[in-house]
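In the block that follows, a single chain appears as structure tokens, in the form predicted alone.
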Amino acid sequence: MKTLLLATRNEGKKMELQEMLNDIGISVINLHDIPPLPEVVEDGKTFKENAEKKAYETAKATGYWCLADDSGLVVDALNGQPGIYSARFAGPEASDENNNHKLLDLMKGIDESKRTARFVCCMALSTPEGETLVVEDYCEGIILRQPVGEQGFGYDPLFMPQGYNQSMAQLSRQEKNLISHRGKALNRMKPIIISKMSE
């Protein structure tokens, strides 16, 4: 079985990814499963720049094929915030709850029609030799007025996907994987992983 290193310590992301790659015989590990590495400084101006840098530097340092994603929430009424700062929106050590609280504060008084947003996922696959391939995808929706649901992580309880009357945090993992920005990006990346890792 081939091993793919996911450049994150987020166990939720690892679980989502392993479920989606189970059928092709690829084992997913993350940064918790290998000796400590220096943090990759995410100083890119876009999701793409950050994803490429994480994948390239981690693959080079470990010798593993590496998949990195940079994802975030882009809210139209906030001029694209939190964007690339989604994970640390309320500060460097912010919890999901802190970030959600800050988002709700900033969205107070914003009319339903102007609460549009999208989750963005840019995914980069890097070989140990430095070849990097990138895909990007989206999930459109709106920001709710209060958190709903217990599933998922991040901003899922505040995000209602287009065409649904439930938050992302009320969907089963299977449903979420079908429509989420990460699920859609991974579906585009999956054939690339299969063809590249079987070469």
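Remember, predicted model here, so these are calculated numbers, not experimental data. In case it trips you up, residue 1 is the first one in the sequence shown, and so on.
Below, we turn to the form predicted together with another copy of the chain, even though it does not appear here.
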Given that the partner is absent here, does residue 67 sit within 4.5 Å of another copy of the chain in the model of the complex, heavy atoms only?
-> yes
Hey, in the model of the complex, is residue 169 touching another copy of the chain, heavy atoms inside 4.5 Å?
-> no
Report whether the minimum heavy atom distance between residue 138 and another copy of the chain in the model of the complex is within 4.5 Å.
-> no
Give a yes or no for residue 145: in the model of the complex, does one of its heavy atoms lie within 4.5 Å of a heavy atom belonging to another copy of the chain?
-> no
Heavy atom within 4.5 Å of another copy of the chain in the model of the complex - qualifying residues of 147 to 161 = 153
Direction of C-alpha distance change in the model of the complex, residue 61 to residue 36 (at least 3 Å) = closer
Against the shown form, C-alpha atoms of residue 36 and residue 130 in the model of the complex: closer or farther, for a change of 3 Å or more?
-> closer
